[in-house]
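Take a look at this one chain, the form predicted alone, written out in structure tokens.
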């Protein structure tokens, strides 16, 4: 490292979470925050939020929480979860985002491995918290609710009572920006979950990069759809706070509540949000049923977790909504790439929509490369496929206290496990997961490309393509499809195959198409391909017999 003349700048000024909410409260005190709770819409502003954050931080300090402690939280997207992003890290403690969709054994492992000292829990999740408390010893519990509840947890405190009785102002101590602010564990699809510990600095820079690249400003209204326990909720609520945008928290919802999310977007005037295709697809289906047709011109939706189907993006465009394909992971905070068309690119309409499928361009602060099996970097030619490696300002360099670090990190690079190409223009295109790519007779078949094109069929609601064993070709693809209700029993396998033949060579086509009522999902809403591969592993072999 070369060192030049020392600067005259205050380079020791710490980037920490407290400064974000202090700025919002001072500069945008009256900007609204709307939170949907079981009691209805709770409306307040940044000034009031800051008072409550100070109160909870003071209460936690009185209860013995100090710098270096870990406080778990298990809840839905409400104002209380939002406040906890600032109150807990403001003490120098770390907020552990517990994924309620994990199996009990994994939740117990995460609590134990992180050394969680206390637990915040939404009242609807008390049974889960009571089960977890039998496996891990917490010093105390805080119930987030608008009502009095009965629970076996002990000792237990009411979040609202702590706010009520505690001082609403606070002199915050300076926190080293490299201290952990929040913690998220990977979903553990292979082995136990792995801990990613985000620093104040990384969260600050990641959120700033997010609002800059998504062009979010004070005039925007940001809704938090992504679960706030999943990689810091992708940072939308933090970035929104930075610029003083209106915030909307939808509270408890499921995949069956797409109408709730769409209605909130319309009623609250939402202009920016993030979500995975698994929730965007039912939202689009609901939008199509609304009369009169709503005009959502200006709404930008960052879409991640899996490649957004072109048909879905075109569908949203009919309502004036832009779907912006983003790519990342728990280990990357998660922002790595965003898809936008660079000035100077001359594209036909077909080429434009094809480009929209790409994961996009790396954002400033992040570096990417594709490497071969020996770790050699491959050219950015749009053809050379290799594993995507990533490093940067908000990219993990290791897992917390985990020997698996050596398998996933090399010289500051995180090995993503995704097979990708990078075009000469710098666009990243993920072809498949290393573990999901189909190796048939020495050729690679992309399950992602097959799934995306299947989703363009008007009858297809969801499509998942997996590799299964084959007696001759080692592996072959099969497609598992959920049809839209109006098309069930009306579409044949032959029709689907003919549709695929418009785009793919015969040897790339699935050997069979299986219609199901539901495709199982992982804890973060992705298709559970591990479960499906195990379920259908011998499917073609048995079929041949």
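Being a predicted model, the structure only gives us computed values, none of them experimental. Residue numbers count along the first chain shown, from 1.
Only in words, not in the display: the form predicted in complex with another copy of the chain, which the text now covers.
- Among heavy atoms of residue 362, some come within 4.5 Å of another copy of the chain in the predicted complex.
- Among heavy atoms of residue 31, some come within 4.5 Å of another copy of the chain in the predicted complex.
- Put simply, residue 20 is close to another copy of the chain in the predicted complex: some heavy atom of it is within 4.5 Å.
- When another copy of the chain is considered in the predicted complex, residue 177 lines it closely, a heavy atom lying within 4.5 Å.
- The partner is absent here, but in the predicted complex a heavy atom of 198, alone among 249, 358, 85, 198, sits within 4.5 Å of another copy of the chain.
- Residue in contact with another copy of the chain in the predicted complex (any heavy atom within 4.5 Å), chosen from 122, 331, 462, 418: 331.
- The stretch among 448-456, 76-84, 433-441, 392-400 whose residues place heavy atoms within 4.5 Å of another copy of the chain in the predicted complex is 392-400.
- Taken together, the three residues 3, 68 and 380 all lie with some non-hydrogen atom within 4.5 angstroms of another copy of the chain in the predicted complex.
- In the predicted complex, 204, 205, 208, 209, 211, 212, 213, 215, 216, 217, 218, 219 are the residues of 203-219 with at least one heavy atom within 4.5 Å of another copy of the chain, listed from first to last.
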